[in-house]
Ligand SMILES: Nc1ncnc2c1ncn2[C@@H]1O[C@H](COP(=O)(O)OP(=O)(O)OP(=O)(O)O)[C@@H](O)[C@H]1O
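Here you get one chain, nothing else, as structure tokens; it is the form predicted alone.
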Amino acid sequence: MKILKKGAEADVYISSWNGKKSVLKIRKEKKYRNSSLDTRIRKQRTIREAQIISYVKSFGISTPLIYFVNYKNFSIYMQYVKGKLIRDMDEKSIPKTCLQIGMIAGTLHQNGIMHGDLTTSNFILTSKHLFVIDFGLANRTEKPDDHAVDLRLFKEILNSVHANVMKKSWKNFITGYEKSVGKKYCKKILELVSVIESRGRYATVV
């Protein structure tokens, strides 16, 4: 197996499943947690991630196919998606793609899903579709505050990784998001994003 990504919660490998190139995601043990608690948390999160990835397909969003979930070693075998990460695209192409990302984010929120790690590293553009990956931090939630956290994170990523095209990309993202959720809800979420930003800006470290 070849390591694809090492993360705080899990490691991701290039592997194979029934002769098909696949991605294997294995959740890491957390030594600081009680052993039985750690086992329960990793099992719950592995199950939840696989369920959400499959559920998201039901409302038309492209996600990797789930091949197999192993509850004993907290791993998921899933489809290898061949394409280009949005993070690595030419800067001129990113703003246009952000319109579609905004629509996808809005569709997720409309259906009660918070992605939890909404970044340009978690979208892959193939020849036919824009795939969303890594639902390891995703949750089922209808709370506007949670949806605002998704948007705030995406805005931060644009500002830090794609600063040269940040304004146009964010504008397009919001246009797409509004198309999915409507003007009223979009306005509400943007107001909450501003509240989150103000908390960070004026927080005092004691």
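Numbering starts at 1 and follows the sequence shown. We call the rigid core whatever largest set of C-alpha positions still superposes within 1.5 Å between the two forms. Quick caveat, the model's predicted, so the values are computed rather than measured.
Beyond the structure shown, there is the form predicted in complex with the named molecule, which is absent from this document and is the topic of what follows.
When you look in the predicted bound form, the only residue of Ile101, Met78, Ile94, Ile113 with a non-hydrogen atom within 4.5 Å of the named molecule is Met78. The closest non-hydrogen atom of Arg152 lies beyond 4.5 Å of the named molecule in the predicted bound form.
The closest non-hydrogen atom of Ile124 lies within 4.5 Å of the named molecule in the predicted bound form. The shortest heavy atom separation between Ile133 and the named molecule in the predicted bound form is within 4.5 Å.
When the named molecule is considered in the predicted bound form, Glu197 lies well away from it, no heavy atom lying within 4.5 Å.
With respect to the named molecule in the predicted bound form, the three residues Gly7, Val23 and Pro64 uniformly fall within 4.5 angstroms at the level of their nearest heavy atom.
Looking at 163-171, 176-184, 139-147, 23-31, the stretch with residues near the named molecule in the predicted bound form, meaning non-hydrogen atoms within 4.5 angstroms, turns out to be 23-31. Ile41 shows a C-alpha shift of 2 Å or greater between the shown form and the other one [criterion: core-superposed Cα displacement of 2 Å].
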